[in-house]
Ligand code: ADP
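Here's a solo chain for you in structure tokens, the form predicted on its own.
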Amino acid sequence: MEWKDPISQLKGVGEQREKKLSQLGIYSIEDLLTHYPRDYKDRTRLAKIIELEMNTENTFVACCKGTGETMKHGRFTLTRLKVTDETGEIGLLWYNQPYMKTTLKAGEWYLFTGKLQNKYGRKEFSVTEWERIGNHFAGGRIIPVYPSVEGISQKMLRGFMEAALAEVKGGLAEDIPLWIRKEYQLAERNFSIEEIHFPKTEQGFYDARRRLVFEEFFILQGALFSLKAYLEEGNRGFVMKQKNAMDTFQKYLPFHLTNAQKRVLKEIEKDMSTGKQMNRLIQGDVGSGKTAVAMAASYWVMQNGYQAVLMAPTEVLAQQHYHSFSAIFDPLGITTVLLTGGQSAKEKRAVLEKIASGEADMIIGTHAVIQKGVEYHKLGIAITDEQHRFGVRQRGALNQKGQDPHILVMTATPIPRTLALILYGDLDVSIIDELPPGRQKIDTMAVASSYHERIYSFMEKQVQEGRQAYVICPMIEENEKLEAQSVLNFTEELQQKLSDCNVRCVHGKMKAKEKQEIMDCFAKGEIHVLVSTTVIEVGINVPNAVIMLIENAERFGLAQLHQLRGRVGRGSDKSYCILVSDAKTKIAKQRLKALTDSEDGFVISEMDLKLRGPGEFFGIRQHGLPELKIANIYEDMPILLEAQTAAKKLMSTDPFLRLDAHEGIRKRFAGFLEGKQLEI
């Protein structure tokens, strides 16, 4: 049997089980053998019947005495059977498994796991797992525990693993080059796959896990570095001239750029002057001025006769950018257009004609800007905002809209540098680590829901003094299963509590036009309190809003809470962020304390990664990381750094992996880049 063969070829996998396994992402033998255990149970210590402990998991070996018996007990069917060893006899009990009456054969030996309990007036052993051991039983072992679905038991999965390992034994190709395995002292691949599933020794397990974690990080990093090498070699970006254009543009801005913004513009200038396509990420905390940098870069491109496009993740944010860019560009005679899915067919046609003819210089929109039918006249730079909400494939689609335009991506989600390398290994990274002068510290406090009346009084006082407030709820409608404030219910409550205030709500299920109308009214000061889901998380700029009240704050990621906090503190008035939570867990309290103690997005992101783990780092799983099967970014950081170093060494010695020794790893990288893992 081959590594790539479909799982249906494995003995015991019929049509129904094949469907169940597909729910676990298992379609081939490779998928099965890289479906790693999530935990292990130590069953190396075997008890005798006389040693069985009450209400504790025990594993023992015993001989079946004869056939069992079944009986009804309320809604349960009880099946009982006697087994013995040299120390005594015990009755076994199964719930709702009448077939066990005749499954075990008299005189044969079995391994049983379960708990000894005193139920129904007798002492019995409730069986959770069992297996026949035959004549060659060599003792207990470490048992893997796998992520599973209903209909696929742990015993079944272990059986499939053992069968697959037997079929491909020693036949797994070793893709990591020998010189890397030697330098980093990595175990062989076949050994590692076998040991991770059925470890024979503690050292063998650790060696296997280290190898597989290294491999996962190495493939991920190497594939992205490979993509970067390809982009730099295979594509030629437009050479931008008139280098003083960005200096000239700064005179048109109603504010002075920070030194950090100027430094990033110098990096962009260097990229776009080389003749190679720029692929750069700008990371900057909330309010650090990434948009001004994007404007300056776009202006320079347009002064060279090219078009610029900016893609935003939501229509609300696209509208915000459109108004910001138009305010600066219109007086300069630069035509800015907006393209979104919410526009009428007539509006879209008019915008598309301007884009195709070149009449439109600056194009701003949602993912509509990469859809079929959008033809650019001469695209010079493609910018994506809030990069963590887009994927590499979407960025690629934007790239294909022109002849290798320069690529600039931006995110206000602070990401630890090591994590940024994983997410954006194909990009050069710039960081704007300085806030514009005049940005005030936002007072942040975490309180219980018992403070609501005081919060309402404070909010009312601020509104009376001419200021505004945001209220964030985690859900749109009430959900009986979750005790969390809903937008609709909380809006009604606030309308009653704050009777003198204009309280409105906005959420993701509204039509784009309706959302925009409400946001416009809030921006004009006509709405005093805006209740919302996280639809306002990024990009909305209302300097008069001074209160950010977040309900059920424990339900959001720290990075997300930091983003929300950044919606206030944008004007000259003192601003406040109030986190309401009744959560009692230690982690929930630690997370909220981290936010009240720091305004540094990078410090907060490190804490978020540590406390919540990589899978939840962005609040919503699809916002960030590719799925890792065995590695843990935070716990395995030393291995990650080794894998990154190894990947860089590989690419520096053979950037396009043309050497015969690197053929296997070249195929692995190509498979990764074509696979779902890249949709990050």
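Note that this is a predicted model, so its numbers are computed, not measured. One-based numbering along the sequence shown.
Another form, the form predicted in complex with adenosine-5'-diphosphate (ADP), is not on view; read the next lines as being about it.
Novice: Using a 4.5 Å heavy atom cut-off, state whether G358 contacts adenosine-5'-diphosphate (ADP) in the predicted complex.
Specialist: G358 lies outside the contact set for adenosine-5'-diphosphate (ADP).
Novice: Decide whether D285 counts as a contact residue for adenosine-5'-diphosphate (ADP) in the predicted complex under a heavy atom distance cut-off of 4.5 Å.
Specialist: Contact check for D285: yes, within 4.5 Å of adenosine-5'-diphosphate (ADP) in the predicted complex.
Novice: Answer yes if any heavy atom of G114 is within 4.5 Å of a heavy atom of adenosine-5'-diphosphate (ADP) in the predicted complex; otherwise answer no.
Specialist: Answer no; every heavy atom of G114 is more than 4.5 Å from adenosine-5'-diphosphate (ADP) in the predicted complex.
Novice: Quick one: does Y99 come within 4.5 Å of adenosine-5'-diphosphate (ADP) in the predicted complex, counting heavy atoms only?
Specialist: The answer is no: Y99 has no heavy atom within 4.5 Å of adenosine-5'-diphosphate (ADP).
Novice: Could you tell me which one of H197, R210, R570, H528 places a heavy atom within 4.5 Å of adenosine-5'-diphosphate (ADP) in the predicted complex?
Specialist: Partner contact (heavy atom, 4.5 Å) among the options: R570.
Novice: Can you pick the one in G289, G557, P177, P144 that has a heavy atom within 4.5 Å of adenosine-5'-diphosphate (ADP) in the predicted complex?
Specialist: The residue from G289, G557, P177, P144 that makes the contact is G289.
Novice: On the criterion of a non-hydrogen atom at 4.5 angstroms or closer, are H256, Q261 and P436 all touching adenosine-5'-diphosphate (ADP) in the predicted complex?
Specialist: Per the other structure, all of H256, Q261 and P436 touch adenosine-5'-diphosphate (ADP).
Novice: Which single stretch, out of 291-299, 148-156, 344-352, 548-556, brings residue heavy atoms within 4.5 Å of adenosine-5'-diphosphate (ADP) in the predicted complex?
Specialist: It is the stretch 291-299.
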